[in-house]
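Here we start with a single chain on its own, the form predicted alone, put down as structure tokens.
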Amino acid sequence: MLFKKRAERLFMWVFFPLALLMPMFLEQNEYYVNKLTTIMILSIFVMSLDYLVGKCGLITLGHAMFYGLGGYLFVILAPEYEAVNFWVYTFYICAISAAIALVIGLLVLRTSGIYMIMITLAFAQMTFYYFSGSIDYGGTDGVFVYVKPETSIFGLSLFDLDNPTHFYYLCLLSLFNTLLFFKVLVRSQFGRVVDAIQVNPGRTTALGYNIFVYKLMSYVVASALGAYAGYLFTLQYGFVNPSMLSWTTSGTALVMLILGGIGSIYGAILGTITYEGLHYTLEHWTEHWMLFMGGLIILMVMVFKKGIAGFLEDLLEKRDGK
């Protein structure tokens, strides 16, 4: 069974049917449709980070580099005033991001712990300052996307990316596929080896597995999907700027991940919804929203020590035990 835990199955049966119906209730309010779309895009980004941190033990503060690169690569590759094919450019962006991750991974994965955190942060900040100081790419203002891609396959157009509802469903499909992909990956032989590396790298090496190669491939996969999330974000808002590459973006994703539950995969969605929900509520309530948000995050981390996903799993296990 792909989803072994009851909490996972409950989440799948509740979240995705509700998400499918949500635009019907928000048809007259594009703002909330766009807000939910952003949450789904961020969930893909946080999920890719969760695989690195929770499943591979690779803690990074540079994951935002690939998030931002997803947007900048589209701007660099696509003609400025011509509609390109979404699926073709998705392949281009993921493939190029994977190649960049392969090169960077060969360097950063020779370290671990705090040293890896610092090196990934350094790469991300170098990329951030490059685009911030680049006149060709708009400097700190970024670059606008004037024409969004078309999504036809064999002449059949599936989504109109200028339509917020269509784009919402594209992102929902992407989120569902990303979740399934990571669950299949974790359950596969590759995923079992990655788990073994986490538990006992010495014994895994003794069994004949090259743990560096497995870590490198994991880093490449997660980075490519992080870039895909940045690509979607750029298409949604029609621009890309250096803030997407900043260490604060990586830090915020880590906070979402911790809130949701490290290593749970689906917890990335719960953490993103919680963080963005608090953000929206508090910033409309008081101008000092950051003070209250910081206090609430600290409180939630203390109460939900395994994250929201871990709390739900423990709660359902206790009920089953009774």
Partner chain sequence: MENNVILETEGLCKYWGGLKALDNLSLAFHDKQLHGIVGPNGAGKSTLLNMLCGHYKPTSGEIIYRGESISSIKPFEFARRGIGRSFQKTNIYTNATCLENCCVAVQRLMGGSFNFFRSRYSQKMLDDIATKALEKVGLAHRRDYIASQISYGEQRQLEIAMVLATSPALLLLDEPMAGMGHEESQLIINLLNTLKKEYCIVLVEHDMDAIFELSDQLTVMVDGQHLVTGSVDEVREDARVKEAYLGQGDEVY
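Residue numbers count along the first chain shown, from 1. Since the model is a prediction, treat every value here as computed from it, not as a measurement.
This protein has a second form, the form predicted in complex with its partner chain, left out of what is shown; the following refers to that one.
When you look in the predicted complex, the only residue of 76, 186, 95, 172 with a non-hydrogen atom within 4.5 Å of its partner chain is 186. Among 228, 86, 214, 168, the residue placing a heavy atom within 4.5 Å of its partner chain in the predicted complex is 214. Segments offered: 206 to 214, 68 to 76, 86 to 94, 151 to 159. Contacting its partner chain in the predicted complex at heavy atom distances within 4.5 Å is 206 to 214.
Contact check for residue 176: no non-hydrogen atom falls within 4.5 Å of its partner chain in the predicted complex.
The closest heavy atom approach of residue 221 to its partner chain in the predicted complex falls within 4.5 Å.
Within 4.5 Å of some heavy atom of its partner chain in the predicted complex lies at least one heavy atom of residue 196. Contact between residue 319 and its partner chain in the predicted complex is not found at the 4.5 Å heavy atom cutoff.
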